[in-house]
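One chain comes next, on its own, written as structure tokens: the form predicted on its own.
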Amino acid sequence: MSERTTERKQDHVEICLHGDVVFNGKTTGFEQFVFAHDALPELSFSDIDLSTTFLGKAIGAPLMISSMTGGYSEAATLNQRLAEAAERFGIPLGVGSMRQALENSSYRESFAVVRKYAPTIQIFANIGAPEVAKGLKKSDINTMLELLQADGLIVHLNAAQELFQPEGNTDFRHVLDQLAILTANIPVPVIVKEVGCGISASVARRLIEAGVKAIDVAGAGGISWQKVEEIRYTRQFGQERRFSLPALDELLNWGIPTAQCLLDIRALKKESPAFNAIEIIASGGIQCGTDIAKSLALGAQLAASARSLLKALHDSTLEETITSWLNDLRAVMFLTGAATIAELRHKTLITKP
């Protein structure tokens, strides 16, 4: 693995923590909805149960610590702390792209550490669409899964990020064909996620037909990876730009809001049992437990967060943040009369006028 690749991973974490990388003028869309209040909830707050399932396995709450990092020395410490928190709450955890682990064994421990500190939870390996497009060797798949004793593999779609990345790979030909080959030959479920631009119903249809078991919509409204890479590009090349100024703002804020992705895929799921079987993760701007609750009512199996939890980790408040989010979620359940996550999924969301 090149030193430049290692630096890129460090840059990503530093810029996500400190850079202006959120969408400008485009939100998740969750603010458009409110729950109908139940003045007679007929339950005790202390009896509310947050446990649910994901891909057939029990989890402590409908929250996932989304894919963040790995592949450089400091990442081992970050992943250890993320793993410890996920294990404490019994929630799933995804690691960052494992391309580095396939190219060079030097930093494999930065990924393997998560299973050491999270022995019982679901952990998901991660690889990018450009790597899938080239065709993953059986040895590559085995390396990723064995390093983590992984419960599944995430394939991330990041066309907009690659477009802006100084060293990006913009050859996305054959991704779908190779994805179908992968799902047919891998012993664990495949999840496909965006990284902040959202997944439409038409793309979801193609992914389901290719054998994907879960889709993480990762919609617009949280972090813009275009902005992350634009910062890196500017640092390397000064003010030289590849795109016209009138178009740049739209491209940096490109994407489908998270709530819209959920609405569109919820409609798709009604078309057939095959579509309905897909499990949906809501990510892209999740910032609190009310966002989690709205995600579930809009059709998600669970919600996931990366940047907000990374910032909490940096501020040494990760477990406190997750605790407060889950308390938010319990509050919504109490005020809507939902004793379980299954009941919350059927509660009414009202669109604000």
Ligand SMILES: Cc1cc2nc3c(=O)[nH]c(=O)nc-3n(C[C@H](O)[C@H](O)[C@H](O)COP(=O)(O)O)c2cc1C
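Remember, predicted model here, so these are calculated numbers, not experimental data. The numbering used is simple: start at 1 and walk along the sequence shown.
Beyond the structure shown, there is the form predicted in complex with the ligand, which is absent from this document and is the topic of what follows.
None of 259 to 267, 180 to 188, 116 to 124, 221 to 229 except one has non-hydrogen atoms within 4.5 angstroms of the ligand in the model of the complex; the exception is 221 to 229.
Among 298, 306, 59, 302, the residue placing a heavy atom within 4.5 Å of the ligand in the model of the complex is 306. When the ligand is considered in the model of the complex, residue 345 lies well away from it, no heavy atom lying within 4.5 Å.
The ligand in the model of the complex comes within 4.5 Å of a heavy atom belonging to residue 310. Proximity of residue 13 to the ligand in the model of the complex falls within the 4.5 Å heavy atom cutoff.
Among residues of the shown chain, residue 330 is not one whose heavy atoms approach the ligand to within 4.5 Å in the model of the complex.
Contact annotation for 191 to 217: residues with any non-hydrogen atom within 4.5 angstroms of the ligand in the model of the complex are 193, 194, 195, listed in sequence order.
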